[in-house]
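So this first bit is one chain, no partners, the form predicted alone, shown in structure tokens.
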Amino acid sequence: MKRTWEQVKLTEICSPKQWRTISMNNLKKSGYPVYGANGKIGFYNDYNHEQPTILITCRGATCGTINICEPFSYVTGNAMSLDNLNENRVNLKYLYYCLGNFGLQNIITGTAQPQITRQSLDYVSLPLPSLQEQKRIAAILDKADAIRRKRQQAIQLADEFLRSVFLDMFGDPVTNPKGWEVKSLGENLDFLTSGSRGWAKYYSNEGEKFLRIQNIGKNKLFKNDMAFVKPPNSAEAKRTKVKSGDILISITADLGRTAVVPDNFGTAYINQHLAIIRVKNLNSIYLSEYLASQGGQVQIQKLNRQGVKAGLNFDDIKSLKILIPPLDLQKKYEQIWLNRYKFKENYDQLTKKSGEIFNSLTQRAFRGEL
């Protein structure tokens, strides 16, 4: 931080306040936007903020997240609103980026229910250059943030495009308007197994990939939080080693996440929270997308029996009903999906790069180096 910059307490430049919370039952389908712990949650017939205001999530797992509400919004008590911002001293967007950069983790209390209180914000202090300098910094970070967000939106649009293509080609899996043959997954299974247990002792900084539930999405394979193992030479290792084209599905906790192991993925194994599905006379990409669709998820959630720990067993997986369109149509969808996958991989790299640039700019900005 530059020596000429002032260091001020957050509570000297604004008045943090928790407003009355609205019951979810009282939210409307339209009206003034309502902000809760994680941003916009609905609408209401009244507002308590005429101007954009910085909001700090003050309860729950996302405690400390920073948002800005729209003009004429209702902010509930699940977010701390930084009211009465002294605009003669601080720029709103500067403060938004500054809080995001320094973070609020050190003032979060509570383990079962993390929270940030009004009193804890008394301990937050921030660097405050001149108002002109704040606006300059905010403008630079706005541009970098816009690039990052546009790339994220492009990836989301690509996902939505694929969902639309799937529905157009195969119809709604719930209603089956195209009248495809329906079979149980068990009739098309070639191999089914769950992952290895007790492999913590094989964890390593390098070695073979070890796929866990966080690596699996909705027909997506995430490679950015990969664990590695030095596997034993055992029957269990041979059984839980994945192959190209395998469908992976989560079978505990967050049930029904799916992904397909791509070509040239290298050697990898799964842990006990995942299962490997190998199929015959079905295309893996089609099946994974089918299971990730609303129709597939509805079936999977019905198997999540109330009152017991969430889990899918082999009989559950075999019982899933699958629409069986012609194989050449499934392969046509696979080709579209693979083209999108290449696009997404390129954009993932660009998004990662723009995120790194944004973080670097942010850190330099608040060190006074921009």
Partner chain sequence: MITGELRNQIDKLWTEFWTGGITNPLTVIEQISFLMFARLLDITETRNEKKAERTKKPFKKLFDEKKQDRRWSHFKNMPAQEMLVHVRDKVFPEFKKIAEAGVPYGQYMKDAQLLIQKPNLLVSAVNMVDDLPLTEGDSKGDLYEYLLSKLTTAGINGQFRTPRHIIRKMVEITDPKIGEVVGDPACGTGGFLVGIMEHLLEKNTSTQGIIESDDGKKTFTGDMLKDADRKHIRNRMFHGFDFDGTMLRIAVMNLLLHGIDAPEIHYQDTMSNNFTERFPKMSEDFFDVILANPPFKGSLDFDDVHPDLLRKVKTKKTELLFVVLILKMMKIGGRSATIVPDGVLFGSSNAHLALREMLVDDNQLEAVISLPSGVFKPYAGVSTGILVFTKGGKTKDVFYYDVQADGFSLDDKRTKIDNDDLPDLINRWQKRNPKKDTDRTGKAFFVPADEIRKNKYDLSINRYKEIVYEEDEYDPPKEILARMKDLEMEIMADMDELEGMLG
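Computed from a prediction, not measured in an experiment: that's the story for all the values here. Numbering follows the first chain given and starts at 1.
This next part talks about the form predicted in complex with its partner chain, which is not shown.
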Decide if the three candidate residues K143, V174 and L361 all line its partner chain in the model of the complex, where lining means a heavy atom within 4.5 Å.
yes
Please pick, from A253, L131, M226, L157, the one residue with any non-hydrogen atom lying within 4.5 angstroms of its partner chain in the model of the complex.
L157
In this chain shown alone, the residue from P127, G100, G295, G77 with a heavy atom within 4.5 Å of its partner chain in the model of the complex is G295
For the chain shown here without its partner, which stretch in 205-213, 180-188, 147-155, 230-238 has non-hydrogen atoms within 4.5 angstroms of its partner chain in the model of the complex?
147-155
Using 4.5 Å between non-hydrogen atoms, is L192 touching its partner chain in the model of the complex?
no
Contact between H273 and its partner chain in the model of the complex at 4.5 Å, heavy atoms?
no
Any non-hydrogen atom of D263 within 4.5 angstroms of its partner chain in the model of the complex
no
Residue contact check: D315 to its partner chain in the model of the complex, 4.5 Å heavy atom
yes
Taking its partner chain as it sits in the model of the complex, which residues of 115-137 have a non-hydrogen atom within 4.5 Å of it? Please list them.
R136
